[in-house]
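We begin with a single chain expressed as structure tokens, specifically the form predicted on its own.
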């Protein structure tokens, strides 16, 4: 068996793949958080619960309506994104002029309510969601066996992250969004409906979390706690990358997933805390984050 640094190659590359897959979810979820914070200035603690709702929506579409995985990838983000728009209009829009703490407390409360409602209806045990037949099986790469579905998750996450970055950084819509965060009254004076733009931005950030939830459904059991298991790590990713930084969320999400995977190989005891150790080091050296702008 081939060894690398004294570690069997299949073990090393297997954990590296697991780290890249986790990094794909970190990147997608932190990207949605970065959009919401960067454009709306709201610390959205409900993001994990909305990720969970994306997975449950996919499960519900399959079991109640017979709608499979591929359509769920499109419909679940739209459904949960529309729910996010409703939340923004009813609750979050009242907090834009207040301190960040109010938004954090409100969204934390919303997360507890959503998770509690789902838990009361479905229980805490995980619900299975099958991998679509087109993505079952695995590929022998010689140095490792790569499950087809995990390869698809990484590819889908990269494509979605790139599309989101291009929309925000390279299009007129993205330019208007960035301008609205800097000077909303000036942008509105040009006839642009800034409140509608803000609402749709929140819905888009929520839709990204739901998209990640659909991707996660066949890998993790669909359960009310699946978002809570991710959200603390994802907040650490956002802080390390720089609050509100789109590129920082993408690069840091994938990078920290790889670091976490390698830590499981070389120092398993530290795999649960390595991301937070990195966060402390980065904040000591660069308080605004790796890609953040100092105020």
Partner chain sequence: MADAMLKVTNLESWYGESHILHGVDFEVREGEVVTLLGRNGAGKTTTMKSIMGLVGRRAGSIRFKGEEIVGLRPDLVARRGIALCPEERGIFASLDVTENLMLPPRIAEGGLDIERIYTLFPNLKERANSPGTKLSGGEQQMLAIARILRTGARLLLLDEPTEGLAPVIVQQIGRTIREIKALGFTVLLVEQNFRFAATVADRHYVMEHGKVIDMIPNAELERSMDKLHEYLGV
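Nothing here was measured: the structure is a model prediction, and the numbers come from that model. Positions refer to the first chain, counted from 1.
Not on display, but discussed next: the form predicted in complex with its partner chain.
Just one of 70 to 78, 199 to 207, 169 to 177, 151 to 159 has residues with a heavy atom within 4.5 Å of its partner chain in the predicted bound form, so point it out. That would be stretch 169 to 177.
Taking 4.5 Å between heavy atoms as the contact cutoff, choose which of 90, 186, 82, 163 touches its partner chain in the predicted bound form. After the contact test, the surviving option is 186.
Does residue 193 make contact with its partner chain in the predicted bound form, using a 4.5 Å heavy atom cut-off? Yes, contact at 4.5 Å.
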